[in-house]
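A single chain, nothing else alongside it, follows as structure tokens in the form predicted on its own.
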């Protein structure tokens, strides 16, 4: 199958020409797939990806890959970095998945929100680390069914804020925010972005993609929407802007999706027609965005863009507020 051609004149997010950047064949031990990686850029300039790795039992763990340029010459841990620990944390009996990483300045540590998976379904857990070698588990903080979570990198009104995506009995899945004084006890739960209804690209089911990006205009949210079709689901990316001091308030939301599966490595895999970012880094210029995404739940790919251009495009292609058309 011939890959779709990339036209840089019409792309906000431009695919790296030699995608995918990491596959199962790059791994130092035998695995099925690697995808959905959290990402950070250290003060040394090194990029660290905390990758979701699915072994041949179907259970996922996390493994670190490091690169000086964030694109090539990845150094991958020779063994799993973060394994499920069902003896101490029974909510992890079926694996740990989809990490999202932020630097929490007030803690002096990286905070990792990840999906814990058990017989009851997916839930949200937290862990802290200084070096991606030793980890302090906080444990399950949001019960099933819940996922697509990240911590905001700084406190809001003296409390930590968590974005997550519970699925209620109604079946529609919205993006929520909850607050905590200590990362363990959570309350003041509120819907912050609703899935649309009808024929929209993001109708019925949405979820956070990467951690929020702080800009002068607000918190830039990159989220995924799931379009149900007779041939299956399509995962695409959209944008919204949340208020800086009250991130439960959506300022504007794009009417169009900004990136969807087009290439062979995005359309064919264990789960086809999926682009699913969990991590990003920002370049030295404070604007260049490296977006790391899972492609068809099979490989990790890279797209680049400009934070400034994303915000400008959002203003030009948006409606005010949430517009979940309830």
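None of the values given here were measured: they were computed from a predicted structure. Residue numbers count along the first chain shown, from 1.
Heads up, the form predicted together with a small molecule isn't pictured, but that's what we're talking about next.
Between the options 27, 265, 276, 257, which residue brings a heavy atom to within 4.5 Å of the small molecule in the predicted bound form?
None of the others qualify; the residue that does is 276.
Which one of these stretches, 257-265, 283-291, 30-38, 62-70, sits within 4.5 Å of the small molecule in the predicted bound form when only heavy atoms are counted?
It is 30-38 that comes within 4.5 Å of the partner.
Residues 15, 236 and 310 are flagged as a possible site; in the predicted bound form, is every one of them within 4.5 Å of the small molecule by some non-hydrogen atom?
No, none of the three is in contact.
Can you work out whether residue 253 and the small molecule are in contact in the predicted bound form, taking contact to mean some heavy atom pair no more than 4.5 Å apart?
Residue-level check for residue 253: no, no contact with the small molecule.
Quick one: does residue 271 come within 4.5 Å of the small molecule in the predicted bound form, counting heavy atoms only?
Close contact exists here: in the predicted bound form, residue 271 approaches the small molecule to within 4.5 Å, heavy atoms only.
How about residue 147 - does it come within 4.5 Å of the small molecule in the predicted bound form, if we only consider non-hydrogen atoms?
Output for residue 147 is yes: heavy atoms within 4.5 Å of the small molecule.
In the predicted bound form, residue 202 touching the small molecule (heavy atom, 4.5 Å):
No, residue 202 stays farther than 4.5 Å from the small molecule in the predicted bound form.
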